[in-house]
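What follows is a single chain, given as C-alpha coordinates, in the form predicted alone.
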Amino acid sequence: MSELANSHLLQVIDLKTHFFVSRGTLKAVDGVSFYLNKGEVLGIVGESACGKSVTGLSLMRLIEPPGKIVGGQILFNGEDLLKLGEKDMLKIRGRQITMIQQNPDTSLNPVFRIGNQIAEAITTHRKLSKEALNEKVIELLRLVRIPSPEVRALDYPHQMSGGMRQRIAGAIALACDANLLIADEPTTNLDVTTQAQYIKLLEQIQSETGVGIIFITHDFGIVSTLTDRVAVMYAGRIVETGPTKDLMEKPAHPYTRALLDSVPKPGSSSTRLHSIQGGPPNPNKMPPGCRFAPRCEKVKPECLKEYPPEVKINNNRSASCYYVG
(Lines give C-alpha, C1' and ligand atoms only; values in the text may rest on other atoms or scores of the structure.)
Protein backbone atom coordinates (compact mmCIF):
# COMPACT_ATOMS: atom_id res chain seq x y z
CA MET A 1 0.00 0.00 0.00
CA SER A 2 1.38 3.39 -0.98
CA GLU A 3 2.15 6.26 1.38
CA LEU A 4 -0.20 8.38 -0.71
CA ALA A 5 -3.08 6.02 0.03
CA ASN A 6 -2.34 6.26 3.76
CA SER A 7 -2.53 10.08 3.66
CA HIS A 8 -6.16 10.16 2.44
CA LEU A 9 -9.46 9.36 4.10
CA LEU A 10 -10.60 7.95 0.76
CA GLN A 11 -8.72 7.10 -2.40
CA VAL A 12 -10.52 5.70 -5.45
CA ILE A 13 -8.28 4.10 -8.08
CA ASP A 14 -9.48 3.14 -11.58
CA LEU A 15 -13.01 2.28 -10.38
CA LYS A 16 -15.20 0.55 -12.97
CA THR A 17 -18.90 -0.18 -12.53
CA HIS A 18 -20.70 -1.65 -15.51
CA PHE A 19 -24.30 -2.71 -16.16
CA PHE A 20 -24.83 -5.88 -18.16
CA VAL A 21 -28.13 -5.50 -20.02
CA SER A 22 -29.72 -7.00 -23.13
CA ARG A 23 -28.46 -4.24 -25.42
CA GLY A 24 -24.86 -4.56 -24.26
CA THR A 25 -22.53 -3.46 -21.47
CA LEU A 26 -23.22 0.03 -20.11
CA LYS A 27 -19.98 1.48 -18.77
CA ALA A 28 -21.52 3.88 -16.24
CA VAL A 29 -18.24 4.31 -14.33
CA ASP A 30 -15.23 3.45 -16.43
CA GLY A 31 -11.89 4.13 -14.77
CA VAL A 32 -12.62 6.80 -12.16
CA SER A 33 -9.85 7.96 -9.80
CA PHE A 34 -9.93 10.65 -7.11
CA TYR A 35 -9.17 11.18 -3.43
CA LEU A 36 -10.67 12.87 -0.39
CA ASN A 37 -8.72 14.15 2.61
CA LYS A 38 -10.06 14.13 6.14
CA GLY A 39 -12.37 17.06 6.88
CA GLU A 40 -12.50 18.02 3.20
CA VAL A 41 -15.48 18.65 0.90
CA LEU A 42 -15.10 17.30 -2.63
CA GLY A 43 -17.63 18.17 -5.31
CA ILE A 44 -18.31 15.70 -8.12
CA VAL A 45 -20.01 17.67 -10.88
CA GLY A 46 -21.30 16.86 -14.34
CA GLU A 47 -24.37 16.44 -16.52
CA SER A 48 -27.12 13.93 -15.78
CA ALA A 49 -26.20 10.30 -16.56
CA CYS A 50 -22.44 10.97 -16.44
CA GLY A 51 -21.97 8.38 -13.67
CA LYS A 52 -21.96 10.61 -10.57
CA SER A 53 -24.65 8.74 -8.61
CA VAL A 54 -23.35 5.32 -9.66
CA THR A 55 -19.94 6.39 -8.33
CA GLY A 56 -21.53 7.27 -4.97
CA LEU A 57 -23.42 3.98 -4.79
CA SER A 58 -20.26 2.10 -5.74
CA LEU A 59 -18.41 3.65 -2.79
CA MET A 60 -21.16 2.30 -0.53
CA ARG A 61 -21.12 -1.03 -2.41
CA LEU A 62 -24.83 -0.72 -3.08
CA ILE A 63 -24.74 -1.66 -6.76
CA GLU A 64 -27.39 -4.26 -7.59
CA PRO A 65 -27.73 -6.55 -10.64
CA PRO A 66 -27.48 -6.08 -13.56
CA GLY A 67 -24.81 -3.69 -12.29
CA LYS A 68 -21.45 -4.87 -11.01
CA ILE A 69 -18.20 -3.30 -9.84
CA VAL A 70 -15.77 -4.95 -12.24
CA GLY A 71 -12.46 -3.31 -11.33
CA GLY A 72 -10.47 -0.81 -9.32
CA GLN A 73 -9.85 -0.05 -5.67
CA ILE A 74 -11.77 1.89 -3.02
CA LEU A 75 -9.29 2.60 -0.24
CA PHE A 76 -11.02 3.88 2.90
CA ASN A 77 -8.55 4.67 5.69
CA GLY A 78 -6.12 2.54 3.69
CA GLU A 79 -8.39 -0.54 3.50
CA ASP A 80 -9.76 -1.73 0.16
CA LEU A 81 -13.53 -1.95 0.55
CA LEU A 82 -13.82 -4.12 -2.55
CA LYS A 83 -11.94 -6.90 -0.79
CA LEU A 84 -14.29 -7.00 2.22
CA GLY A 85 -17.04 -9.55 2.67
CA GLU A 86 -20.59 -8.26 3.03
CA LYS A 87 -20.56 -8.91 6.80
CA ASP A 88 -17.54 -6.63 7.25
CA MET A 89 -18.98 -4.07 4.84
CA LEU A 90 -22.13 -3.86 6.97
CA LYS A 91 -19.98 -2.64 9.86
CA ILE A 92 -18.71 0.24 7.71
CA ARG A 93 -21.84 1.15 5.74
CA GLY A 94 -23.98 3.46 7.88
CA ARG A 95 -21.37 3.57 10.63
CA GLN A 96 -18.27 5.01 8.98
CA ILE A 97 -19.60 5.85 5.50
CA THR A 98 -23.13 7.17 5.03
CA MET A 99 -25.21 8.63 2.24
CA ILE A 100 -27.93 11.24 1.74
CA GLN A 101 -29.90 10.65 -1.44
CA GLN A 102 -31.82 13.07 -3.66
CA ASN A 103 -35.28 12.23 -2.44
CA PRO A 104 -35.73 11.94 1.36
CA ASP A 105 -38.98 10.05 0.80
CA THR A 106 -36.92 7.05 -0.34
CA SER A 107 -34.99 7.17 2.96
CA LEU A 108 -37.89 7.76 5.37
CA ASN A 109 -40.60 5.24 6.21
CA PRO A 110 -44.01 7.01 6.20
CA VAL A 111 -45.47 4.77 8.93
CA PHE A 112 -42.79 5.32 11.59
CA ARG A 113 -42.14 8.39 13.70
CA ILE A 114 -39.07 10.48 12.93
CA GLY A 115 -37.44 9.80 16.29
CA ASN A 116 -37.84 6.03 15.89
CA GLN A 117 -36.21 6.09 12.47
CA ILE A 118 -33.20 8.02 13.74
CA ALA A 119 -32.98 5.69 16.75
CA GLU A 120 -32.96 2.64 14.46
CA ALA A 121 -29.98 4.04 12.57
CA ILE A 122 -28.12 4.36 15.87
CA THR A 123 -29.05 0.98 17.39
CA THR A 124 -27.99 -0.84 14.21
CA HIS A 125 -24.38 -0.06 15.13
CA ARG A 126 -24.41 0.88 18.82
CA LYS A 127 -25.83 -0.33 22.10
CA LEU A 128 -27.22 2.54 24.18
CA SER A 129 -29.58 2.74 27.12
CA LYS A 130 -33.07 4.04 26.33
CA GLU A 131 -32.27 7.36 28.00
CA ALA A 132 -28.96 7.78 26.16
CA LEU A 133 -30.64 6.83 22.88
CA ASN A 134 -33.36 9.46 23.32
CA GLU A 135 -30.74 12.08 24.15
CA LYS A 136 -28.76 11.18 21.02
CA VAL A 137 -31.88 11.48 18.83
CA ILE A 138 -32.64 14.95 20.22
CA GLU A 139 -28.99 15.95 19.82
CA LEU A 140 -29.06 14.95 16.13
CA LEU A 141 -32.30 16.85 15.52
CA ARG A 142 -30.70 19.93 17.05
CA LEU A 143 -27.59 19.39 14.89
CA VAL A 144 -29.68 19.62 11.71
CA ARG A 145 -31.58 22.62 13.11
CA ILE A 146 -35.01 21.03 13.62
CA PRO A 147 -37.02 23.36 15.92
CA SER A 148 -38.64 21.89 19.05
CA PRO A 149 -36.81 18.57 18.57
CA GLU A 150 -38.51 16.88 21.53
CA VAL A 151 -41.87 17.47 19.88
CA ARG A 152 -40.90 16.89 16.24
CA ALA A 153 -39.29 13.55 17.11
CA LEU A 154 -42.85 12.26 17.60
CA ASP A 155 -44.00 13.42 14.16
CA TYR A 156 -44.33 11.35 10.99
CA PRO A 157 -42.52 12.32 7.75
CA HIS A 158 -45.69 13.68 6.11
CA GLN A 159 -46.01 16.24 8.92
CA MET A 160 -42.78 17.94 7.86
CA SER A 161 -41.87 20.09 4.86
CA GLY A 162 -39.58 18.82 2.09
CA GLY A 163 -36.67 20.79 3.50
CA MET A 164 -37.20 19.36 6.99
CA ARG A 165 -37.44 15.81 5.62
CA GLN A 166 -34.15 16.33 3.84
CA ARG A 167 -32.58 17.50 7.11
CA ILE A 168 -33.99 14.42 8.86
CA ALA A 169 -32.33 12.25 6.20
CA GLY A 170 -29.13 14.10 7.07
CA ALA A 171 -29.63 13.39 10.78
CA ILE A 172 -29.96 9.67 10.03
CA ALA A 173 -26.80 9.78 7.92
CA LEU A 174 -24.91 11.45 10.78
CA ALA A 175 -26.38 9.23 13.49
CA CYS A 176 -23.21 7.23 14.09
CA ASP A 177 -20.62 10.00 13.70
CA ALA A 178 -19.47 8.83 10.27
CA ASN A 179 -16.08 9.82 8.85
CA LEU A 180 -17.42 10.12 5.29
CA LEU A 181 -20.76 11.51 4.09
CA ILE A 182 -21.82 11.09 0.46
CA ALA A 183 -24.49 13.65 -0.46
CA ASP A 184 -26.11 12.73 -3.77
CA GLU A 185 -27.80 15.90 -5.06
CA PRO A 186 -29.70 16.41 -1.78
CA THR A 187 -30.88 19.89 -2.79
CA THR A 188 -32.38 18.98 -6.17
CA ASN A 189 -35.98 18.90 -4.94
CA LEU A 190 -35.71 22.01 -2.74
CA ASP A 191 -36.69 25.56 -3.64
CA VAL A 192 -33.90 28.14 -3.95
CA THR A 193 -34.32 29.58 -0.45
CA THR A 194 -34.47 26.17 1.26
CA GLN A 195 -31.54 25.02 -0.87
CA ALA A 196 -29.38 27.91 0.35
CA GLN A 197 -30.34 27.12 3.95
CA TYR A 198 -29.47 23.46 3.46
CA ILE A 199 -26.05 24.25 2.01
CA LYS A 200 -25.32 26.58 4.91
CA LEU A 201 -26.38 23.82 7.30
CA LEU A 202 -24.02 21.33 5.67
CA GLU A 203 -21.18 23.85 5.98
CA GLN A 204 -21.93 24.25 9.69
CA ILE A 205 -22.19 20.49 10.28
CA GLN A 206 -18.92 19.88 8.46
CA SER A 207 -17.22 22.58 10.52
CA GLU A 208 -18.62 21.19 13.80
CA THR A 209 -18.04 17.47 13.14
CA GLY A 210 -15.07 17.39 10.73
CA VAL A 211 -16.82 14.83 8.54
CA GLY A 212 -15.43 14.43 5.03
CA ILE A 213 -18.09 15.10 2.40
CA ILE A 214 -18.46 14.08 -1.23
CA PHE A 215 -21.13 16.35 -2.71
CA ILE A 216 -22.57 15.08 -5.99
CA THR A 217 -24.27 17.76 -8.07
CA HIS A 218 -24.76 19.32 -11.51
CA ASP A 219 -24.84 22.82 -10.00
CA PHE A 220 -21.61 24.85 -10.11
CA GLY A 221 -23.26 27.47 -7.90
CA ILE A 222 -23.35 24.96 -5.04
CA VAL A 223 -19.85 23.75 -5.87
CA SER A 224 -18.43 27.28 -5.57
CA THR A 225 -20.05 27.77 -2.18
CA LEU A 226 -19.50 24.46 -0.43
CA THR A 227 -16.51 22.54 -1.79
CA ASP A 228 -12.75 22.66 -1.30
CA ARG A 229 -11.97 20.70 -4.45
CA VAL A 230 -13.87 19.64 -7.57
CA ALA A 231 -13.82 16.55 -9.79
CA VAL A 232 -15.55 17.15 -13.14
CA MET A 233 -17.11 13.98 -14.56
CA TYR A 234 -18.11 13.20 -18.13
CA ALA A 235 -19.32 9.93 -19.68
CA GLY A 236 -18.10 7.73 -16.83
CA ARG A 237 -14.70 9.37 -16.30
CA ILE A 238 -13.16 12.22 -14.34
CA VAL A 239 -11.88 14.75 -16.90
CA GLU A 240 -10.52 17.43 -14.55
CA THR A 241 -9.78 17.89 -10.86
CA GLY A 242 -8.47 20.75 -8.77
CA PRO A 243 -9.10 23.23 -5.97
CA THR A 244 -12.49 24.82 -6.48
CA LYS A 245 -11.30 28.42 -6.78
CA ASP A 246 -8.51 27.58 -9.24
CA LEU A 247 -10.66 25.34 -11.40
CA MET A 248 -13.51 27.83 -11.64
CA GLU A 249 -11.22 30.76 -12.43
CA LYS A 250 -9.06 28.91 -14.98
CA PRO A 251 -10.75 25.72 -16.21
CA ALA A 252 -8.36 23.53 -18.20
CA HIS A 253 -10.66 21.03 -19.90
CA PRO A 254 -13.02 22.20 -22.69
CA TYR A 255 -15.93 20.44 -20.98
CA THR A 256 -15.30 22.27 -17.71
CA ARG A 257 -15.13 25.58 -19.58
CA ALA A 258 -18.37 24.79 -21.42
CA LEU A 259 -20.15 23.94 -18.16
CA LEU A 260 -18.99 27.16 -16.52
CA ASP A 261 -19.97 29.22 -19.58
CA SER A 262 -23.50 27.83 -19.31
CA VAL A 263 -23.92 29.22 -15.77
CA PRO A 264 -25.57 32.67 -15.44
CA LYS A 265 -23.06 35.27 -14.24
CA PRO A 266 -24.15 38.08 -11.88
CA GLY A 267 -23.87 41.49 -13.53
CA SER A 268 -23.56 40.08 -17.06
CA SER A 269 -25.38 42.08 -19.75
CA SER A 270 -25.75 39.03 -22.02
CA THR A 271 -29.29 37.69 -22.44
CA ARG A 272 -28.17 34.32 -23.84
CA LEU A 273 -26.37 31.47 -22.13
CA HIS A 274 -23.80 29.26 -23.79
CA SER A 275 -25.10 25.79 -24.63
CA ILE A 276 -23.12 22.61 -25.25
CA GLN A 277 -24.12 21.15 -28.61
CA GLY A 278 -25.14 17.51 -28.90
CA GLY A 279 -25.38 15.05 -26.04
CA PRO A 280 -23.24 12.60 -24.06
CA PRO A 281 -22.23 9.37 -25.85
CA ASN A 282 -24.17 6.14 -25.54
CA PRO A 283 -22.67 4.34 -22.49
CA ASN A 284 -22.61 1.00 -24.33
CA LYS A 285 -20.90 2.49 -27.37
CA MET A 286 -18.25 4.93 -26.20
CA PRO A 287 -16.14 6.67 -28.87
CA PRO A 288 -12.52 5.41 -29.15
CA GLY A 289 -10.91 8.78 -28.37
CA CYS A 290 -11.87 11.59 -26.01
CA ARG A 291 -15.50 11.10 -25.07
CA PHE A 292 -16.18 14.82 -25.27
CA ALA A 293 -14.60 15.16 -28.72
CA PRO A 294 -17.89 14.96 -30.72
CA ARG A 295 -19.14 18.02 -28.81
CA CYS A 296 -15.86 19.91 -28.42
CA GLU A 297 -15.34 23.18 -30.31
CA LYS A 298 -11.54 22.66 -30.32
CA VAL A 299 -11.38 19.03 -31.41
CA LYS A 300 -8.34 17.91 -33.42
CA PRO A 301 -7.49 14.59 -35.11
CA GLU A 302 -5.72 12.91 -32.17
CA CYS A 303 -8.75 13.59 -29.95
CA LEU A 304 -10.77 11.16 -32.08
CA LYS A 305 -8.24 8.32 -32.01
CA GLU A 306 -7.16 7.73 -28.44
CA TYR A 307 -8.37 8.78 -25.00
CA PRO A 308 -6.08 11.59 -23.77
CA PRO A 309 -3.75 10.84 -20.85
CA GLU A 310 -4.11 12.65 -17.53
CA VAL A 311 -1.84 15.68 -17.48
CA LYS A 312 -0.61 17.21 -14.23
CA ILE A 313 -1.09 20.98 -14.34
CA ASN A 314 0.52 21.35 -10.91
CA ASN A 315 0.60 19.38 -7.66
CA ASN A 316 -3.11 19.98 -7.05
CA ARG A 317 -4.61 19.99 -10.55
CA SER A 318 -4.91 17.64 -13.50
CA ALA A 319 -6.97 17.21 -16.64
CA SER A 320 -7.35 14.60 -19.39
CA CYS A 321 -7.00 16.65 -22.55
CA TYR A 322 -4.49 17.03 -25.41
CA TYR A 323 -4.70 20.82 -25.00
CA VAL A 324 -3.33 20.75 -21.45
CA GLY A 325 0.37 20.95 -20.72
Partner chain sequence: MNKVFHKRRLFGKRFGKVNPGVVISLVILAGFIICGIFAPFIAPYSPTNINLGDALKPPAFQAGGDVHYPLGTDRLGRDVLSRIIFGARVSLQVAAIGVVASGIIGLTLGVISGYKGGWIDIIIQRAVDIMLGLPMILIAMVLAIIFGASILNVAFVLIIIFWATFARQSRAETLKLRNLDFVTLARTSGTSDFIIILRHIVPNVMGSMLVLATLNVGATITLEATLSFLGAGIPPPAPSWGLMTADGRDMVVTAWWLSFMPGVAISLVVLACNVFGDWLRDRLDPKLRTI
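Here the structure is a predicted model, which is why all the values come from computation and not from measurement. Residue numbers count along the first chain shown, from 1.
The form predicted together with its partner chain exists for this protein as well; it is not shown, and the discussion that follows is about that form.
Participant: Examine residue 307 and determine whether its closest non-hydrogen atom to its partner chain in the model of the complex is within 4.5 angstroms.
Facilitator: The answer is no: residue 307 has no heavy atom within 4.5 Å of its partner chain.
Participant: Counting only non-hydrogen atoms and a 4.5 angstroms cut-off, does residue 42 reach its partner chain in the model of the complex?
Facilitator: Flag for residue 42 set to no.
Participant: Would you check, heavy atoms only and a 4.5 Å threshold, whether residue 37 touches its partner chain in the model of the complex?
Facilitator: No - in the model of the complex, heavy atoms of residue 37 and its partner chain never come within 4.5 Å of each other.
Participant: Can residue 70 be called a contact residue for its partner chain in the model of the complex at 4.5 Å between heavy atoms?
Facilitator: No, residue 70 sits far enough from its partner chain in the model of the complex that none of its heavy atoms falls within 4.5 Å.
Participant: Out of 117, 179, 102, 206, which one falls within 4.5 Å of its partner chain in the model of the complex, going by heavy atoms?
Facilitator: Selected option: 102.
Participant: So which bits of 15-31 sit within 4.5 Å of its partner chain in the model of the complex, heavy atoms only?
Facilitator: If the 4.5 Å heavy-atom criterion is applied to its partner chain in the model of the complex, 15-31 yields 19, 21, 23, 26, 28.
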